[in-house]
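The chain that follows stands alone, in the form predicted on its own, written as structure tokens.
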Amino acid sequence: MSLQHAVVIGGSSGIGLASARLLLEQGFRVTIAARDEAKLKASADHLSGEIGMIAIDARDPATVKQAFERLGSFDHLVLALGSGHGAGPFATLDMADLLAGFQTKLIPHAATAQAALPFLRPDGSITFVSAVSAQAAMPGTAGLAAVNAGIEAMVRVLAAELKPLRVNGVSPGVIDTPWWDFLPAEQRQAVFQDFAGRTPVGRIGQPDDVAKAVAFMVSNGFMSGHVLTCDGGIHLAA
């Protein structure tokens, strides 16, 4: 059984939580991190294995640095931070909301990865979780595309710059996670049905689908500089 330690930022729900669960099943020691300590504890209570938790706000580099200092050295960093800022038709897109998208997703991804560098083992990895909006051409997602494309653009550069540390990304499609909670249940279901009808595999994704892609990037020591799209093929239909 592997004793490698993976830290999952955004690990209290959705893709981050599913990734933590799968890594635990694969024998990793896992620390989940998020802002809400009560939510973290509730999530950790439903996980089995060598699980730890730490409350951090990834938007605050100082607290992130302090958290890593407390954790000490570890092997793998998974960044599964979500943000809904920057969505909407471009003609009416609020530039302040677009800026918030960068401030709540791209910058925290970059700042957290930077803060982790002194503590990551050289033969470890960083896995960024972006979104398929960076690759597709879905109307109403220009702002989201800009934010997620920024994350994906860092992957190849950092894989070359930080070697032998491996750097990869996973780009999810439409996934049933709390990201969609801004919609009432009935409207959310209608949106999911629409996307399922346009997705080649005939359904929307579940967090476990993406977790398998994340775990692959973490565990495969010969993967670096890649963004793995896990979207059911929706980028082909958009």
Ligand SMILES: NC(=O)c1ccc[n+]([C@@H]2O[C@H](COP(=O)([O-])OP(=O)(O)OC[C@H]3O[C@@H](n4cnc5c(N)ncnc54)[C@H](OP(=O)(O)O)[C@@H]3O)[C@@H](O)[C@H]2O)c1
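Since the model is a prediction, treat every value here as computed from it, not as a measurement. The first residue of the sequence shown is number 1, and the count goes up from there.
The protein also exists as the form predicted in complex with the named molecule; that form is not presented, and the subsequent description refers to it.
- Against the named molecule in the model of the complex, the set Asp36, Leu81 and Lys105 is in full contact: each member has a heavy atom within 4.5 Å.
- For the named molecule in the model of the complex, the listed stretch (44-52, 183-191, 165-173, 22-30) containing residues with heavy atoms inside 4.5 Å is 165-173.
- Residue contact with the named molecule in the model of the complex: Ala131 places a heavy atom within 4.5 Å of it.
- None of the heavy atoms of Asp208 is located within 4.5 Å of the named molecule in the model of the complex.
- In the model of the complex, none of the heavy atoms of Lys212 sits within 4.5 Å of a heavy atom of the named molecule.
- Using a 4.5 Å cutoff between non-hydrogen atoms, Ile15 counts as a contact of the named molecule in the model of the complex.
- Looking at 38-67, the residues that come within 4.5 Å of the named molecule in the model of the complex, counting any heavy atom, are Lys39, Ile56, Asp57, Ala58, Arg59.
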